[in-house]
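What follows is one chain in structure tokens, specifically the form predicted alone.
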Amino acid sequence: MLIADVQGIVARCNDAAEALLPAATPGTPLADVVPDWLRDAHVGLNSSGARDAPEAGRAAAGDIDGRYFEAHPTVRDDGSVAWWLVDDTDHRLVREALRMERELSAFLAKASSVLLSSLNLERCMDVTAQMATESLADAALVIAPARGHRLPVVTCLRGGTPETATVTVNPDAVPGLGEALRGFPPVPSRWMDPGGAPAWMKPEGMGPIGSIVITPLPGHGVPAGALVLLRRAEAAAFSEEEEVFARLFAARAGAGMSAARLYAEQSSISELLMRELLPPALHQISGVDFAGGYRPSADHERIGGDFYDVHPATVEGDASLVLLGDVCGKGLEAAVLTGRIRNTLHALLPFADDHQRMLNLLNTSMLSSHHTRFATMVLASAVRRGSAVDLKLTSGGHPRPLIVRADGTVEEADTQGALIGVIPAIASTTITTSLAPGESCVLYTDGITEAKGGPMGGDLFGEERLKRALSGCAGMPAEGIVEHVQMLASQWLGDGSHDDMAVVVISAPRTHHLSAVNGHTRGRYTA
């Protein structure tokens, strides 16, 4: 405690004040023995009118011999001021450490949020480099695992934008880089020679490098890459605490990059598998027109439990095999079994002339698997004979095919059979028929006839409504019939839920047409 009168003369000091300010003896001018911040506070407190101001009791603060003190004034009755000096150094260090810890925690939380919210690897690398320059370094390089000696690198200077490049170098030629890319612990910054940094690691405009930190970017099981932090020669070198923080940041960045890479790999695999499971695009084969359409039960899905395939004949004059089926259930699980059934049927193509044998062998295969699902199916063999198309049709528990004749009559093919994958022995009937030019055979799944909608929202589309719709499709090409059926089913459904829907049309193309212009231009078909 130190007391100074209204003239600014030291009146009294206790032992602690004398130890702190040895020159502050009674009778000494205060301005000569205390720091400027305390002198100014005393002068301001004793200035005219200041003693009655709201700030009169406020503490002053500043350094004394490297320590931080707060000086709290008490104005006495005689106008002198007692200054109580409180050493606040330790408290201030704690507060500063707490503030820094909060800032670093907020930065790491932000990094995690930003990085994990993006599943794009290139975006993650850009964000990592940019965030590193905001709080850790003057420049940063994010290096992805090498492809041979080719290193994908994203470079960013503080205040700049990330730049992507690929460099052809040996990472082991840079101390610590090869180890970091393999996921080994980082080499301490003090062991790194900034002058030995290769030219490709020095961003343009960086200037001389003063210190380097190279740390791995940990991934999920495998390293995600390496993070290189650079500081200019005039900047302070990386401290041990900063290196630890850099590793914490790298761990979060590595997790984000690893998640993005894993997502990209899974997306690529899913896309490949999806292409294999999707129904094929159909066209004319050996003089027979084929068309197909498929709509999964959910608009956000691309595959489901309905499927169809057309296998062209391998020998000229033989029939092409058409198969359309429906696996119990919907979604990905049903699609997996769909793919298995399609592969099994492909392996059974040598028996394509014997529909009953194919269905029996498929039934045995399904019963021997761990699946508890069943399937319905219809097989059709189609071959062009002159201007007509001969058909052989066999149903395995599936809705009967519909034959659209040239006059608009719609016939049900009289074939029926047991479900596939339920009982050990199945039986089915096979019928033969012929399509004249302009006539078609329509194969469909029950997702169309069982579609609920209409004016009341709960009526089934039904077989009769489908037949009436097809009667107006006489003479239409196969693709047009598919589109017409899909359009009507979609209109009937509205926004309602539905099962998978598939339709395949086999048509005998018309052989003659009327010319539109002067007998040379393609016109509409006639019988």
Partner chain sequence: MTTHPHHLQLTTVDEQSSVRIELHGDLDYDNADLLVQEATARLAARPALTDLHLRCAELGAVDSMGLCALLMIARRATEAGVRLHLDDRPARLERLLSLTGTLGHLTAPPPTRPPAPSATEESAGAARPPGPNSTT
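Residue numbers count along the first chain shown, from 1. What you see is a predicted model, and the numbers here were worked out from it, not measured in a lab.
This next part talks about the form predicted in complex with the partner chain, which is not shown.
Interface residue among 399, 293, 176, 254, judged by heavy atoms within 4.5 Å of the partner chain in the predicted bound form: 399. Among 423, 236, 436, 244, the residue placing a heavy atom within 4.5 Å of the partner chain in the predicted bound form is 423. Although the partner is absent from this view, residue 59 stays clear of the partner chain in the predicted bound form, with no non-hydrogen atom inside 4.5 angstroms.
Using a 4.5 angstroms limit between non-hydrogen atoms, residue 135 is distant from the partner chain in the predicted bound form.
Looking at residue 308, you'd find every heavy atom of it more than 4.5 angstroms from the partner chain in the predicted bound form. Proximity of residue 493 to the partner chain in the predicted bound form falls outside the 4.5 Å heavy atom cutoff. Only one segment in the set 140 to 148, 227 to 235, 82 to 90, 372 to 380 has residues whose heavy atoms sit within 4.5 Å of the partner chain in the predicted bound form; it is 372 to 380. Residues are counted as partner-facing when one of their heavy atoms sits within 4.5 Å of the partner chain in the predicted bound form; in 401 to 422 these are 416, 417, 418, 419, 422, in sequence order.
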